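Listed next as structure tokens is one chain, alone, in the form predicted on its own.
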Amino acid sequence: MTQDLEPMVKVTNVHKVFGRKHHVLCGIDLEVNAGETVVILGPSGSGKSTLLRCINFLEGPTAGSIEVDGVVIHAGENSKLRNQQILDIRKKTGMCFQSFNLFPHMTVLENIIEGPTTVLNQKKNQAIPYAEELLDWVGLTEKRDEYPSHLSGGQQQRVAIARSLAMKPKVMLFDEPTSALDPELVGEVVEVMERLAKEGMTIIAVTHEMHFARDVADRVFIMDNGNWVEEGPPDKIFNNPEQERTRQFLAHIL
């Protein structure tokens, strides 16, 4: 007997208002299934990064609800239970930012095991073997004992991805992970993202890497002024968009 599976991520009528009037998200709905790759595109200031930050509660939504892997939090609640739920959601969601946010005083290996040892209370001898597997997976085994300042931007971002994966998340959120990189380093980070998608990780990515959006995404969303403009499979969005605003945006970036 088959049954409908709940989405891995469910965003329901989420609003985010900064200050009194700056309405950044205007009732966003989004469902992402396990193993799906979703790419969010849109002009600067459209609310894309704020949405990602609301999903893992780096920003608290003003209204609406967020669900990740069965943990549901409604905006405005404030309790010990809610704080625990936020921790649960953060354990389930890895996030990579534009800046790599590695600890400069720690080696690559120490950066990767920091989360498992401090948040998950693993012993170092438990955390290190998996960290070494992840370093091999992102192609940086030889950088194990280096400090971040000795790495290129692309290498630092790959370490940041490995550090997120060390927590064994159910969902990976990517917020413009290549925008701070020199053009020749972008490919090595996108390749890791592609491999994650092929291996079944649930991914929500804000990115202007059109190759990734066209070839890897299951669905592409266009956002403007805190609203969805259009969504659909990449072929439809890029080759046959319905909305004039989508056509205008794509004309600027393609």
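Residues carry their position along the shown sequence, with the first being 1. The structure presented is a predicted model; accordingly, all values stated were derived computationally and were not measured.
Another form, the form predicted together with a small molecule, is not on view; read the next lines as being about it.
For this session: Consider the chain as shown here, without its partner, and state which of 60, 43, 187, 27 has a heavy atom within 4.5 Å of the small molecule in the model of the complex.
Result: Of 60, 43, 187, 27, the residue with a heavy atom within 4.5 Å of the small molecule in the model of the complex is 43.
For this session: Could you spot which one of 176, 88, 114, 132 gets a heavy atom to within 4.5 Å of the small molecule in the model of the complex?
Result: After the contact test, the surviving option is 176.
For this session: Mind telling me which stretch in 63-71, 29-37, 45-53, 214-222 gets its heavy atoms within 4.5 Å of the small molecule in the model of the complex?
Result: Among the listed stretches, the partner-contacting one is 45-53.
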